[in-house]
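Next up: a single chain in structure tokens, the form predicted alone.
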């Protein structure tokens, strides 16, 4: 006699863009999922918490499924998997913590929650043997979380370098290709729906930084303190520097770098960077994301795809629900993230090294280049090139941009040296600095 198919019951907290995408994906592909699982289970969404109970929902979703109180979802004895889709780090924390304490599996795409309060939640997950799955928290529809957890389980991951914020990537592309200034490019991104009305976390770098923290947590087995992570956004990127980069053979990207050093310390930073046009990451355009992973056994791999949007994000959420369903239906042990090492030591940003692009606003007079070069030489900072374009419409202007390309040195040494350069009476303002990434 064939055993009855087990129903894995899911409760959603949040039924907005992603929530409706999850519903639609399961309605469309639910039978396909069951078939691929050898009909061990089927997945049913049985309850959803929403902010406005009177708002019109998807027609085939029954009204009885909805509630205005998230506690109704979490505490429902019939709900096996709680899916948190509201964002933020306060109420979302309460929801996830309550579900874990009841021993329920949690699925979330909330990178800020896990990056900032992951230590508490992963501890609850371990204490109550209740898994947290979070594929949708990083890079939308790209299965990078599952790859790091499963496909790279036999690797010591040496580095993960990526473009993991589509909004910033789109803005920088438009500044490069269309010559737009930052305000104009941001406004266009908002009009197209690529940027929120409040784009702060996207453009200040923290959306990408939260994702990189999660990747580092998975790769190295311990929770990372966000306060130890260096983050700089794109708000101060100018067309001048993008134009310089383009002429010098570089693309300008908001880059997140996760790298393990031989001393065991983890380099973890997010900032606008210059990438050689010859590198594949330079061709990642629009709202697409990409993560280059290097394992000691696997070598180099690239994960590429849509980093946000209704369908890609819903795809990742559904993948986590299916993973949870496998665990529940088979009675197998906890399959979420479990810390397995001591706290990872984050390398001080001052101890990290790259070549640099540095632009100075200087008084155009004889000896300026020599004065700056002397300060750099005295501190042992090498120069690989200098550039000072002439404005044909105003060849006699008093102030000019002077660009120095510098050899590899620590960021701490560079900062100390630039303070001395800034003291020169020919230098008018704080220099502009970009890292040049030799990937």
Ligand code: HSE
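Just so we're clear, the structure is a prediction, and the values are computed from it rather than from any experiment. Numbering follows the first chain given and starts at 1.
We do not show the form predicted together with the ligand, though everything after this point is about it.
Just one of 219, 195, 346, 223 comes within 4.5 Å of the ligand in the model of the complex, counting any heavy atom, and that one is 195. Checking 328, 86, 308, 131 for any heavy atom within 4.5 Å of the ligand in the model of the complex turns up a single hit: 308.
Comparing 269-277, 70-78, 233-241, 159-167 against the ligand in the model of the complex, the single stretch with non-hydrogen atoms within 4.5 angstroms of it is 159-167. Proximity of residue 207 to the ligand in the model of the complex: non-hydrogen atoms within 4.5 Å are present. Not displayed here, the ligand is kept clear of residue 253 by more than 4.5 Å at the level of heavy atoms in the model of the complex. A residue is said to contact a partner when one of its heavy atoms sits within 4.5 Å of a partner heavy atom; residue 320 fails this definition for the ligand in the model of the complex, lying far away.
Using a 4.5 Å cutoff between non-hydrogen atoms, residue 135 does not count as a contact of the ligand in the model of the complex. Residues of 198-227 that come within 4.5 Å of the ligand in the model of the complex, judged by any heavy atom, are 202, 207, 211 in sequence order.
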